[in-house]
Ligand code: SPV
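Below, in structure tokens: the form predicted on its own, a single chain.
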């Protein structure tokens, strides 16, 4: 049995509430030793992982890890929000009674870390001194060294972040379990990823991967955080956050927004100005995945990225799609690559979309499962080298255009909130919304088109309210009301907008070039906020006039297609309104302001 008190004393961890929590779970899990982590331990832990074969070198100062082949992504069906109040049950949060889930997790975790080290990771999901600091502190207990290394990159880690916070911290317990014998995806699945939201406790069993194991990120940063926000007057969202600086006038605007999976959120968050606009505009990176929003004492809406790093999807990340990300994971950054392809002889990594073509000399290359690519059978020769959910992890300080004030505890003023779906025709490039209820309504009806045409679903959205569907922790009607209340408190309200980079022509090609060119409609949105442009009013918001957009340097094909991406399809919009009504009716008790916005838009769309 570990000498817990001695380990905590040696680390200078003096918070009695944290000490009691660690002692309690060390006894349950049966860990053989306890080690308290500070960020300064990273170099030592990396070397230990290299020596143990848990990490492999990727040149100088970068590393490769591989997870168990059945443990490669979040498992939404095993992810649960538990509380003691059934009124917390929503459509999406997979609610269960806390009294049912806590004993189950204790049973699974009992003795499950015998022979292992319990790493104690005190962390903060906010700059120190933030007005939301007491909601941002946590202590993760894990029996997995790779999780420690990832958390050091994704959060601010050290005992100083929790020693003076009393019991204002999230208790986050992660036990890996016997990954080869958990029955993943079968009726005997033993995995459970539970957030006991009203007790600010996270209990995750049966994974060592990503959001299942880095408990400060999704479990705390989104699920627990959003529940805390609901009870304490702030918003927690799966939003990117960027800043746009007009170098000519000195003005700066900050925009946050939600995008369903595969709708361009990370690429937008890390974008640069197109070359033709680079002399005037500079884009600053704050975050690609989570934003916490609150109203300050001055009546302005503020936001911050609670994370300290980037946990990015590797697939299709390259010099064209996201040069900023490529620069953030070069040698010497300490980046960790997970489940990409690895060359054990050259220490290179590769993933689909990284380079075209893929490497032709197969000597030394292994795929994400660790199997030799050169020795593949004819049947498997075209299988992906990297897992589709393969990742890279790096700290914000390595992102070349990270904002100078990304660690400012005051946060930044939010001027715009955007929602970005993925639709082939109906949605224009951008439409601005100035009414708060209509903006919230637009976020609640956010979605991306289903791609399964064979199932008769082509053109139908899979709705993903505010892009929070997998992370919702409380009922959707309360969620909508909370949005209206928080934004309603702001004296200076942000402008809302819906963007769509994915319109296609009859020949299937994309009509808008996307990537860095996406800055153009965002600048227009901020000019609209400032009263510098007027746009044209439509039933679904204000659209840009062609001459109002900054078009210098835009390619000829995009100019030829511009009128199409600024046009509304009345028939498709009328079809969409009936789908929206069915979607919203799932949420009992939705605020009347949302229904009024829906009826208003539906009536106006009839005129298209």
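Numbering follows the first chain given and starts at 1. This is a predicted model, so every value here is computed, not measured.
Keep in mind that the form predicted in complex with sulfopyruvate is missing from the display, and what follows is about it.
Distance criterion of 4.5 Å from any heavy atom to sulfopyruvate in the predicted complex singles out 218 from the list 430, 157, 418, 218.
Exactly one listed residue, out of 229, 211, 475, 177, brings a non-hydrogen atom to within 4.5 Å of sulfopyruvate in the predicted complex: 211.
In the predicted complex, residue 294 stays away from sulfopyruvate, with no heavy atom inside 4.5 Å. Taking the partner from the other structure, sulfopyruvate in the predicted complex has no heavy atom within 4.5 Å of any heavy atom of residue 369. Sulfopyruvate is not shown here, and in the predicted complex it never comes within 4.5 Å of any heavy atom of residue 462. Sulfopyruvate is not drawn, but in the predicted complex it has a heavy atom within 4.5 Å of residue 471. With sulfopyruvate left out of view, the stretch that reaches within 4.5 Å of it through heavy atoms in the predicted complex is, among 95-103, 328-336, 121-129, 203-211, 203-211. In the predicted complex, 391 is the single residue of 376-407 with at least one heavy atom within 4.5 Å of sulfopyruvate.
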